[in-house]
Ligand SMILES: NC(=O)c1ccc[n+]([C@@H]2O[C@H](COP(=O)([O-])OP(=O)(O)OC[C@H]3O[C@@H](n4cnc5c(N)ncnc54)[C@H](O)[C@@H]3O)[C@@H](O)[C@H]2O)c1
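Given as structure tokens, the chain that follows is alone and in the form predicted on its own.
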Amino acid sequence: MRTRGALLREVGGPLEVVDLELDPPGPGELLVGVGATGLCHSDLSVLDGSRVRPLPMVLGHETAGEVLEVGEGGGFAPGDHVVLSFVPACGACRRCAAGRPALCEPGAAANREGALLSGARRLRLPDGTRPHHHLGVSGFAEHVVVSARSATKVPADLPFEVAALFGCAVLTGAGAVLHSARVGPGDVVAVFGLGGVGLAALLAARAAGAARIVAVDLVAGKRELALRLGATDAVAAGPDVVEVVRELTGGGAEKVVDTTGAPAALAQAYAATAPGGTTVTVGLPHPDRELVLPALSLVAEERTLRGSYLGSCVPGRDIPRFIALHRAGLLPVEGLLTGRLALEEVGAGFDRLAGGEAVRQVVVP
């Protein structure tokens, strides 16, 4: 079928909205009409070359839409509404068998190669070139073909622009708080970086009953939004942020989540964590960047430092749970939305994201 998508031909862009031919879904695949796709820093990192991916590529990975056609054994039905996650978990490798689908080995290989889980590429330009898929989704398009292993069925009355956020921002941020940091009632929490993921983490900390939530960011508008969403304190990022957070929290936060993808900020987040506490990072720095920490503190202060990919979530289990929290009023993720864009406006949207002017914009094709 004929569709359109936002294509990246070379690092630095621009993103071009082009006509595409889309092959029908193969076995275990779905054709999905895109309802909405969020703009995320993971897309921006491909645009600026921080994350090396094969090009050309149709970007976008935080997507919700409606199933239009089901390949053999796809397990869904036309009309189903789905949220797409950015790791197509095979369900059979040792990581999936251990309950850690975010680390699926075939899924990671497919994502590195810019292919679907089957190894196929279903996109085609008019000249016959086959663009790569971004994280098995390529959601900046009118239609996508994806592995059914990327999809989770969601209620049909959930607006697409809200549903899309559950595929990345909420899975990553809320998962980091609830699964990786294991925030519970009475905990003192700090969140470094207040983009969509960081603010989702803040909402989850509030839902988990955290007694104090310190929100840290460079941008004043994001700090103000964090206070409206439930942070008890908002602190400007800078060289003195560790001292400020430690003073506010009586010696450091028990649970600290870093979403910045900047090793210097992660080092500050670690330093702002109390002895016996846990520091969780979800950001994706450039592969060449390194982190230097005082090694003695890990033992002498019984510290925990851990990474969290996809929020250490199982999408088929956790997306419905997080949606249930949303419907109960405990995860008001619609508060993260700061703009709605046409497909042709996606480039300008990334300019705003890079400049810190937006939290979560969504493309509605």
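Numbers for residues come from their place in the sequence shown, where the first is 1. It should be emphasised that the depicted structure is a prediction, and the values quoted were computed from it without experimental measurement.
FYI, the form predicted together with this ligand isn't displayed, but the following is about it.
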* Can you pick the one in 267, 218, 109, 227 that has a heavy atom within 4.5 Å of this ligand in the predicted complex? -> 218
* Asked: Which residue, 248, 125, 120, 284, has a heavy atom that falls within 4.5 Å of this ligand in the predicted complex?
  -> 284
* Asked: Is there a non-hydrogen atom of residue 162 within 4.5 angstroms of a non-hydrogen atom of this ligand in the predicted complex?
  -> no
* Asked: residue 222 near this ligand in the predicted complex, any heavy atom under 4.5 Å?
  -> yes
* Asked: According to a 4.5 angstroms non-hydrogen atom cut-off, is residue 252 in contact with this ligand in the predicted complex?
  -> no
* Looking in the predicted complex, any heavy atom of residue 237 within 4.5 Å of this ligand? -> yes
* Asked: Quick one: in the predicted complex, does every one of 175, 180 and 203 get a heavy atom within 4.5 Å of this ligand?
  -> no
* Asked: So which stretch, 138-146, 90-98, 191-199, 271-279, is the one near this ligand in the predicted complex (non-hydrogen atoms, 4.5 Å)?
  -> 191-199
* Heavy atom within 4.5 Å of this ligand in the predicted complex: which residues of 132-168 qualify? -> 168
